[in-house]
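In C-alpha cells, one chain follows: the form predicted alone.
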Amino acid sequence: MIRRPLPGTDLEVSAIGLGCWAMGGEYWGDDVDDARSAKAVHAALDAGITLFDTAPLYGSGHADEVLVEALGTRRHDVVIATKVGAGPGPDGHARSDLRPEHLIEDTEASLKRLGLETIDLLQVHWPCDLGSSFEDTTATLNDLQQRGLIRHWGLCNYGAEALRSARPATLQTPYSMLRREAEHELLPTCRELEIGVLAYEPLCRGLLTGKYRAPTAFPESDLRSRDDRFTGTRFLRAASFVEVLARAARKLSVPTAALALAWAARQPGITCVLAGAKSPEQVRSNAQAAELLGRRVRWDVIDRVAGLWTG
C-alpha cells in the first residue's frame, strides 16, 4: 500500500482509504451485517489501509461502534477521520447543525464512541442548514484543536471560497471518472493552498465497479433505489462507458474498481480516495488499486478512456 503525507499536517495516510458509511446499517440495503463489516475492516488492515472515514450520521453512531470494535487496539495505529455536525432533523431528514454547542457535543460523543482521547482528523460534514456563521464554525474547530480534542480539522462539501477563507487541513469532495466537476476550481485551489483532498464516491456508488450492467431493482432500504444515475438513459450511458473501462482493466488483470480507484488516486492534488465496502472481498478488490499505482501502466491510454465520459 502506498502512503502519502497529508499536506500541512503530521499525518501520513494510505492512498486508498475505507469509507465506513455502509457499516452504519442504513441506506445501503438489507445485506449489511456487522460481522461482515468487521471482516472488511480486518481486510483493510491486512491490505495496508490506514485511513478510515466515519461519521456520527452513519447509523446514528453505529458505524463508529463497529469500526472501533473491529480495530481493537489498532485504532491507535491508524488514522481515523470523522465528520461531525450532521444528524437526523425533526422531519426525519438529515440536516447540518453547526451551532458551537452542537459541534462540541458531537465531537465529545465521537471521542467516546471511538475510544480516543484525540481525533486525528475532524471534518464538518456539510455547511450549516440552521444559519450558523462560518466564522463561528471555524472558531469552534480551532478551539477544539487548541484543547487537544482534535489534531487537525477539515471541510466536506464546501466550495473554493470557504477553502481560501479558512485554510483547512483537508477537503473531502466527490470525485471519480464519472464525476469530475472538482477539477474546475476545487482541486486547483487545494493544490495552490496545499490542502489535502479526500475523494469520496470514487466508484460513483458502485457504478464504476462493473457490477451493474443492466438496471437493477435495489430495495427501498438502499439509497440507490432513488438515485437517477442507476436508471434510464443516465445509467445506460454510464454502463457503456464502464464496459470500455472494464476491457482496459481486463488487459491489466485487475478488477474494474481497482482501475477506477487508481486513476482517481493519481490525479494531481488527490491525497486519498475513500472507497466504501460491505465485505472483505470488496476491500481486497479495491486495495489492488495500490498495486496499479506502483506499476508501469500506460496512463495516457487510461486517460483517453476517462476522456470518453462527457458527463
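Because the structure is a prediction, the values reported are computed rather than measured. One-based numbering along the sequence shown.
There is another form of the same protein, the form predicted together with a small molecule; it is not shown, and what comes next is about it.
Any non-hydrogen atom of residue 276 within 4.5 angstroms of the small molecule in the predicted bound form: Within the cut-off, so yes.
Could you tell me if residue 158 has a non-hydrogen atom within 4.5 Å of the small molecule in the predicted bound form? Residue 158 lies outside the contact set for the small molecule.
How about residue 102: is it within 4.5 Å of the small molecule in the predicted bound form, going by heavy atoms? No, residue 102 stays farther than 4.5 Å from the small molecule in the predicted bound form.
Any of the heavy atoms of residue 22 lying within 4.5 Å of the small molecule in the predicted bound form? Yes, residue 22 lies within 4.5 Å of the small molecule in the predicted bound form.
Of these, 166, 114, 169, 204, which has a heavy atom no more than 4.5 Å from the small molecule in the predicted bound form? None of the other options qualify; the answer is 204.
Residue among 211, 234, 151, 180 with a heavy atom within 4.5 Å of the small molecule in the predicted bound form: After the contact test, the surviving option is 211.
Which is the contacting stretch out of 64-72, 239-247, 41-49, 277-285, given heavy atoms within 4.5 Å of the small molecule in the predicted bound form? This holds for exactly one stretch, 277-285.
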